Each structure stands twice: as C-alpha cells, then as structure tokens.
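What follows is a single chain, given as structure tokens, in the form predicted on its own.
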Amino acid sequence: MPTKAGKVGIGIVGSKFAGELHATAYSRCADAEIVAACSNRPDELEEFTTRFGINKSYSDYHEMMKDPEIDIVSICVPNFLHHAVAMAACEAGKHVVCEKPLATTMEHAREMVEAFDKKGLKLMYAEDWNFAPALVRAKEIVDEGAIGRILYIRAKESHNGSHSPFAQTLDYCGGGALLHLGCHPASFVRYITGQEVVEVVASITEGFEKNLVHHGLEGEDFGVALLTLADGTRAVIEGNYVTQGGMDDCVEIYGTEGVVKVDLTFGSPLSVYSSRGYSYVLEKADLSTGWTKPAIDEFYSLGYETELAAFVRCVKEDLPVPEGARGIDGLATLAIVKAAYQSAAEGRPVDPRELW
C-alpha cells in the first residue's frame, strides 16, 4: 500500500555506491518516499540514512520486508546477494528493483523471474541505458526510420576497474568486466532492435596473470563478443577494465541509410581547463587537471532518475514494466554474457537461448 502521503514506499537494501544512486534518484521523484534502508554496517547505514533523511533503518533485510509501508525494495547489494534478497522480497509480497546483473547464475535468475510471475509481482531490472536521454532519443530516431534498417551496432562500457572487494572473486560477482560492464550494451542491443540474440562468439582475458592489467582479479578485465540477432543484425559489445581517464560509454548504430553515434559519458557540452584541479569530473576519472569535460548531472544523463521514476509509476498506476527493464530482460542479458563466457572457453559459437 502507498504511504500515508500517497507516495510509493521504498526500502533500499545496501548503503554504498548503488544505494546512493538509487536514493538520489528516488529523492527526485515526487511519487516516491524512501521509507527505510538496510545494511549490516551500522556506521555506513547511519551516515546513509542521515544524508537522505530516511527515518527507519534495519540491519536484517528479512525484518525490513515486514514493514507495511514498503511497496518497492531496491536491491543495491553485491551481485551474489541479489537472488536471496529478491526471493525474500517476493515472499513478503514486495515489488523489486534489482541492480545489474539480475543474478550471478542462470538458475538463480530463472528462479527469480518465475517466482515474481507466479505471485503477480513486478521484478524490475535496473538497466539505466534504456532510460538515458541520449539513448532514448537515439532509439526514437532509429524507430522513425531515419537510418533505415539496422545492420550493425557497436557498443561498449569501460573504465579502469572496480575497487569493490566483491568484484574481485567470481563466487561473489559472477564474472568480470564483460558481466559488470558489458551487460549494458548486451541489454541495449536487444532493446533497440527488438530481436533476440541467436549466436555469440567471444574472446576474453582469463583472469589473474592472464589479464591485461588486473592480475589480482579472478574474472576477466577485457571482454568482447560478436552477437548475431534473429534478423541477421550484427553487434559487437565490449566491457573492459583497462580504460584510463574515466568511464567511457559509447554506442554506434549503422543502418542502410544512416548512422547514429552516442557518446554517453564524454559527451558533455561543458569543457574546463584547470591547472589546480577540482572536486569531480565524471565516474572513475582520476584527474581533474588540464582540459576535462565534466558531467553535468550523471543521475539524469545516465538514466537513473528517469528509470526509477518509471518503476515507481509502474507500481503506483499498476502499469506493465517497460520492455528492456523486465525481469525476463535481465535473464536474457545474463544469458548473452554467460554464452560469451562459454564461447570463449570452448572456442565455438553459442546460442544464448539454450541457457534460458
């Protein structure tokens, strides 16, 4: 049930980076109220709830699920916990927004989708690319027919690596750069074409000393995959942890009658030269001296604000979850990446639909 103010009640599990993204986006949504937050780290939780004006806090997410004012649970914890938290929310009758990836294994992702479908609850996959204004506009242009039939897509997300201890071990994270970063282009390729991926051929670094840079990382620090879609469209997706200078997200869409290019993170209209440096340029940028192109509002430009507002509206008005952001879309995206891992390991093409 909505809160006494008529807003959709939000409970956030996790108080680190992803939790901050969600809390900031929800705080900008007129129809949302962050009712509670949960973390097993008391000092972090206190700072988090104070900063965002959250009145209730929990150290156990099972207890938080009993809160009758919570309509949506935002899952912002390490990947290996997504399944457990989602299933607890489902059992408690709560809708869920789950950060990417949906789960670390296909079995867990499948179980999540089936459980929420069975209970008639909304499982919303937090793929922010589908809500980023530049990519929304790109899709509008493509859908209008401006570049003809799509022939080929090239898309990547890259930066210099995750500092989270949970990103270093496969049991915790489920994969390396291709899962953590490449999941965005994998999901967007399905979304903009409306087609399923039928074949994946991939190459990745193999972890530890076989990585290009990150020799303490169990997963890959570089991954690239060639996708073939059902209608014959080709796409190359990439995720890497070897890019210096800040997070670099790019999409290029080639059609029979034109091209669309999107520079999602370095496309700022603002240029700054500073010999002294300043507080923040963009995500993962480690220098602010010289010429830089600082982000204006990443919560908006990367899609977080419009994404979570859309999810809140889905619950408040009982609307279908947008295509590309459903639990089944998270399952399909995970299958593409897992197929890439299988392809790289076995040296052959893999059909991700076989993993569903």
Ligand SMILES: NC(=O)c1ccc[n+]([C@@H]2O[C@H](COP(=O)([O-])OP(=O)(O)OC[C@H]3O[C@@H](n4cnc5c(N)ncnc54)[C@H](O)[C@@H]3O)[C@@H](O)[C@H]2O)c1
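Computed from a predicted structure; not experimentally measured. We number the residues from 1 along the sequence you see.
As for the form predicted together with the named molecule, it is not shown, yet the points below apply to it.
Practice item. Flag Cys38 as yes or no: does it have a non-hydrogen atom within 4.5 angstroms of any non-hydrogen atom of the named molecule in the predicted bound form? Key: Result yes; Cys38 sits at the interface with the named molecule in the predicted bound form.
Check your understanding: Leu334: heavy atom within 4.5 Å of the named molecule in the predicted bound form?
Key -> Outside the cut-off, so no.
Review point. With the cut-off set at 4.5 Å between non-hydrogen atoms, does Cys76 touch the named molecule in the predicted bound form?
Key: Cys76: yes, in contact with the named molecule in the predicted bound form.
Check your understanding: Within a 4.5 Å heavy atom cut-off, is Tyr304 in contact with the named molecule in the predicted bound form?
Key -> Yes.
Exercise for review: Have a look at 189-197, 157-165, 263-271, 205-213 and name the one stretch with heavy atoms inside 4.5 Å of the named molecule in the predicted bound form.
Suggested key: Partner-contacting stretch among the options: 157-165.
**Study point:** Heavy atom within 4.5 Å of the named molecule in the predicted bound form - the one residue of Leu121, Leu81, Val142, Val201 that qualifies
**Key:** Selected option: Leu81.
Check your understanding: Hey, which residues along 101-132 are within 4.5 angstroms of the named molecule in the predicted bound form, non-hydrogen atoms only?
Key -> Residues within 4.5 Å: Pro101, Ala126, Asp128.
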